[in-house]
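Below you'll find only one chain, the form predicted on its own, shown as structure tokens.
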């Protein structure tokens, strides 16, 4: 009888190890503010990773597509039921996370005889004023964090921290959408490179991980070069919550033509070739 709590703790620890392994090849997701709202950027192999949830709320996901779809439909139902029964103003990212996603993900993670959700989630909410914009990230165990300015999803907390630090260094007030997309793509390249390095270290059996990238390797040229190598035969996804868009829905997924006009010139040339 006394062994049961310890077995549960051991089982939860094994689930963390298993889930961490599942995310090592995942594509990071970046969200940041720009002068017209919020932008979400990622790179995928064809399966969408960015979605609209409600008029002013967008979703980005990292993990298994089936789990992301399951949770997305649950969120859609909750958001629209809440908006219909109460009012659209009652549908907030914080409410969806605290009363919708987080408890469900936490319960699935802790019920060791059932499969957990293999996903991490980023929820972006456009406020009525720029200072009210909110970004929420949820881990696979149901823990969540609310931030402003920028947020990322990545394979490990260390990579997430590295990407967030880079964004804080590169971001400035009043970024245009083109500047925001370029900054987000460089942050994505930084995270992808760090994830690949960590995976290679583990395969080699290195006891000590490769030190974090030196400042010289964080310049725009180095990150752009990695990005050019990695986006071949992949899809760059970008969606915005556009404050100036007419109507109640502020979500807009950028099509390839619009995204092409926003991409840095060196990346355009690489994709064209």
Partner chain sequence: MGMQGDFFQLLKEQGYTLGSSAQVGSGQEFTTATTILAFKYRDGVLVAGDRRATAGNMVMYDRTDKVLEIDRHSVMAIAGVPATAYEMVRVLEHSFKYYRRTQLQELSFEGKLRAVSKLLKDNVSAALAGTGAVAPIFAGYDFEQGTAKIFFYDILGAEFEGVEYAVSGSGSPTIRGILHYVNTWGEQPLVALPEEQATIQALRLLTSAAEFDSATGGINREASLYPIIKLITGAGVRTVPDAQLKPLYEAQVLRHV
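Everything numeric here is computed off the predicted structure, so don't read it as measured data. Residue numbers count along the first chain shown, from 1.
This next part talks about the form predicted together with the partner chain, which is not shown.
**Message:** Among the candidate stretches 154-162, 176-184, 110-118, 70-78, which one is within 4.5 Å of the partner chain in the model of the complex when only heavy atoms are counted?
**Reply:** Only one stretch passes the 4.5 Å heavy-atom test: 70-78.
**Prompt:** Ok, 53, 41, 62, 227: which has a heavy atom sitting within 4.5 Å of the partner chain in the model of the complex?
**Reply:** Contact with the partner chain in the model of the complex is made by 53 alone.
**Asked** Taking heavy atoms only, is residue 245 within 4.5 angstroms of the partner chain in the model of the complex?
**Response** Yes, residue 245 is a contact residue.
**Asked** Does the 4.5 Å heavy atom contact test between residue 130 and the partner chain in the model of the complex come out positive?
**Response** Because no heavy atom of residue 130 falls inside 4.5 Å of the partner chain in the model of the complex, the answer is no.
**Message:** Residue-level question: is residue 249 within 4.5 Å of the partner chain in the model of the complex, judged on heavy atoms?
**Reply:** Contact check for residue 249: yes, within 4.5 Å of the partner chain in the model of the complex.
**Proximity of residue 100 to the partner chain in the model of the complex, heavy atoms at 4.5 Å** = Because no heavy atom of residue 100 falls inside 4.5 Å of the partner chain in the model of the complex, the answer is no.
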